[in-house]
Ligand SMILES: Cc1cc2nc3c(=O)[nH]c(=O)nc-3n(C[C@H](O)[C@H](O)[C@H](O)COP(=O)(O)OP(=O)(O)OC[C@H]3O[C@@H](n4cnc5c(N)ncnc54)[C@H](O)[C@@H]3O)c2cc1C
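The data below hold one chain only, encoded as structure tokens and taken in the form predicted alone.
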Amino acid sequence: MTLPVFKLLRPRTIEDAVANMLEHSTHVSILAGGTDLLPSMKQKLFSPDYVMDIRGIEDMHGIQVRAGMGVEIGALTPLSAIEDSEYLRRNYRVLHEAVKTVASPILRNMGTLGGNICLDTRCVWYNQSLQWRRSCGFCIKKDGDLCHVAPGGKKCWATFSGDAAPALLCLNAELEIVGPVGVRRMAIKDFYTNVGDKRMRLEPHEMVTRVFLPESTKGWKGSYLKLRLRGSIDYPLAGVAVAIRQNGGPVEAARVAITAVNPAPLLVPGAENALIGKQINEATATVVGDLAAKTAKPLTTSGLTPEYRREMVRVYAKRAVMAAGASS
């Protein structure tokens, strides 16, 4: 498979990038690390007239600790830089744990935090070659009008499979979004739509430029576990992130989030109440596992059965709670 013909744009500032998006409208795709976009272009999922390589925008790189305010991470910061950050490992453990599971070291060197947040949703009927998709009559997400995952349904069930997002949900992170009308901030919990073919709440010509980790979740214990067919490279088929605040006694605050089993990463309703005021033990972890399994809605978007993936969400949520309680 080869790349389609396109013109390359290389803005050096955020303002130039927004101007390029305005000028070329829907005919431009944004290239950050390229680990997801370029394979998709080879599969003819995208054939943009213009590809805008934003890696030269210095303002979107780096990890900045703001005393008393938390941490700012540029959207173009490589995942490997987050993995290598001792500060993030100590103070925002769940993000470090999640990022170090992404793909392989080579891909983490190329892939960016912003790219992982904005990762395209995936489906066994969508992420295929043009010839394969044509033989199936295409789908709602690309060129067709039916969903093979939920036949007869009007909703696209393609699954979000990013690892960083559930960790950021647990940390109550916010995103900086820049577009023609200026800069706005949005809680990451409000960023995703839970609809496979319209996965993000980005207005036309907007892009994510920074991620903010609040001071309020600094120092929380955390863990992240994921199910995948191979121990490296593969996207998660189920993932669970857990972050808790605990100072030697009962849990004082907690969040649990799941990924790869719904069209969006989701916080697990009720998990916070199930943990606050409790000690971390088998009983509390089992309750959280049941809540996570109830939240998960895996369908046939991959090679494993929905029943197995839901059960593994239950198992991994329980294990992740126990691991978070034991972390330091």
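Don't overthink the numbering: it's just position in the shown sequence, from 1. Remember, predicted model here, so these are calculated numbers, not experimental data.
In what follows, reference is made to the form predicted in complex with the named molecule, a form of this protein that is not presented.
Screening 118, 254, 175, 71 for any heavy atom within 4.5 Å of the named molecule in the model of the complex leaves a single hit, 118. The listed set 275, 32, 291, 57 contains one residue whose heavy atoms approach the named molecule in the model of the complex to within 4.5 Å, identified as 32. Heavy atoms within 4.5 Å of the named molecule in the model of the complex are found in one stretch of 35-43, 264-272, 277-285, 61-69, which is 35-43.
In the model of the complex, residue 163 approaches the named molecule with a heavy atom inside 4.5 Å. In the model of the complex, the named molecule lies farther than 4.5 Å from every heavy atom of residue 169.
Remark: residue 199 counts among the residues lining the named molecule in the model of the complex, judged by a heavy atom distance of 4.5 Å or less. Within 4.5 Å of some heavy atom of the named molecule in the model of the complex lies at least one heavy atom of residue 103.
For the stretch 134-159, the set of residues having any non-hydrogen atom within 4.5 angstroms of the named molecule in the model of the complex is empty.
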